[in-house]
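Consider the single chain below, provided in C-alpha cells and representing the form predicted on its own.
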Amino acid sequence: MDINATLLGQLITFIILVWFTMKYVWPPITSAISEREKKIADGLEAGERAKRELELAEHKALDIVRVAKSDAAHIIDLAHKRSVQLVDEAKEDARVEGKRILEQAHEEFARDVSRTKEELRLRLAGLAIAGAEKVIKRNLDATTQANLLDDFVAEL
C-alpha cells in the first residue's frame, strides 16, 4: 500500500477537522451538556424539596384539622353542658314559680274561706236574731241586738 498524496491530504484534512472540532465545536457542546445536566439535577432536587415540603404541609394540615376537630368537640361539649344547665335552671325556676303560685292560691283560698265564714257567721247571727224575735215576739233595741250578735259570733 502506497502512501500517496491523496491519503496524506485526507489525513491532514482529518487532523485539521478534529483539531477544529476540538477547539471550536466541542467546548460549547460540552458546556451545554453540563449546563443541561446541572439544570436537570437542580430540577430533580427542587422536585424532591417540593415533595418533602408537600409532605410537611400535609402533616401540618392534618395536625390543624385534628386540633380543629378537638376544639370543635370541646365547644360542642361546652354548649351541651350549658344547654343542660339552662334547662335545669329553667326547671328550677318553673318549680319555684309553681310553688309560689300554689302558695299564693292557698293563701287566697284561705282568705276566701275566712271571709266566707265571717259572712256566714254574720248571716247566721242575723237569722238567729230574726228567729229569736219571732219567738219572743218583740223587737229588740239596737244595742241589745248588737250585744247578742257579738256574743253569738264569739261562740261560733
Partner chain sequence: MTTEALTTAEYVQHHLNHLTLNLKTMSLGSDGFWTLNLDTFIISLVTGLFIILIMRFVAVRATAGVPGRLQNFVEIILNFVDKSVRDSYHGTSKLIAPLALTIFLWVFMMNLMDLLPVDFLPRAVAPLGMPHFKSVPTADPNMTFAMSITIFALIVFYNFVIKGWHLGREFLTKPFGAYLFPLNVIFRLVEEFVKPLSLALRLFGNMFAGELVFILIALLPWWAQWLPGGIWAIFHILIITIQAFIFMMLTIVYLSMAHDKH
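Residue numbers count along the first chain shown, from 1. None of the values given here were measured: they were computed from a predicted structure.
Keep in mind that the form predicted together with the partner chain is not shown, yet the notes after this line are about it.
Just one listed stretch, out of 29-37, 48-56, 100-108, 61-69, contacts the partner chain in the predicted complex at the 4.5 Å heavy atom level, and that stretch is 29-37.
With a 4.5 Å cutoff on heavy atoms, Gln10 counts as touching the partner chain in the predicted complex. Residue contact check for Met22: one or more of its heavy atoms lie within 4.5 Å of the partner chain in the predicted complex. By the criterion of a heavy atom within 4.5 Å, Ala142 is excluded from the residues contacting the partner chain in the predicted complex. Contact annotation: Ala5 falls within 4.5 Å of the partner chain in the predicted complex, judged by heavy atom distances.
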